[in-house]
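As structure tokens, one chain now follows by itself in the form predicted alone.
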Amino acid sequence: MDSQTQMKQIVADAAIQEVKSDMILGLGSGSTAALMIKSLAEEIRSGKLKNIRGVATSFQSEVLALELDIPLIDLASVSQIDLAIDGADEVDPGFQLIKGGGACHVREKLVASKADEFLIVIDETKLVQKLNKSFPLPVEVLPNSWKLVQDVISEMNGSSHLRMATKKAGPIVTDQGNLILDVLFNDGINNPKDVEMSINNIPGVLENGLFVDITDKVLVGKIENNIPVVYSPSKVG
């Protein structure tokens, strides 16, 4: 197991310590969240956790949970989620996030918004001082609106391109049947709240990958003296 996978595994296991029986859980997407879902399934099989119900944030997490016999309920059928556990592509010192590297950020944000607690699990490579300096901001757009949105973002000093698929011809298509514009601003994102609102107000945009003022706790995996460890940083600001 390489060092990054070790970091992801230990933080995924640590996240399960936050789970209690009888919870409704938001099940995140991505590589670290997938490890968390596998650890959750082991705890359920062992009997340590009982009466757990999951709400999937993507087809990926839904398929994995079903394969591991984790009971699922639909997002539309719940008014409240006890705990949502998810990964992130970037986390700044104020716990503002960029998510959507896996093109699942719309459902991820819906699940997070219903959660009493939103827990982010990452390895230390995802910690940044400023969002969007290197990782692009995903913006989900209606298929016939991508060029219009791209032009408006350009006026906001942002460059963007359609995310293309790697094993099929053409662009990535989201779980909702839309396209993704990946956006980089000239000097990163200075005010995530304003940028989130401004982009979401562009006609044709469904949602973007900024998660602002929603994260309650972050668990970080790192390698220290060749040993994987977990810590929880304090929120700044």
Ligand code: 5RP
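Being a predicted model, the structure only gives us computed values, none of them experimental. When you see a residue number, it is the position in the sequence shown, counting from 1.
Not on display, but discussed next: the form predicted in complex with this ligand.
Enquirer: Candidate spot 88, 99 and 104, all three in 4.5 Å heavy atom range of this ligand in the predicted complex?
Expert: Heavy-atom distance to this ligand in the predicted complex: all three under 4.5 Å.
Enquirer: Using a 4.5 Å heavy atom cut-off, which of 154 to 162, 140 to 148, 79 to 87, 109 to 117 contacts this ligand in the predicted complex?
Expert: In the other structure, the partner sits against 79 to 87.
Enquirer: Does residue 31 reach this ligand in the predicted complex if we count a contact as any heavy atom within 4.5 Å?
Expert: Judged by the heavy-atom cut-off of 4.5 Å, residue 31 is in contact with this ligand in the predicted complex.
Enquirer: Heavy atom within 4.5 Å of this ligand in the predicted complex: which residues of 115 to 132 qualify?
Expert: Stretch hits: a single one, 126.
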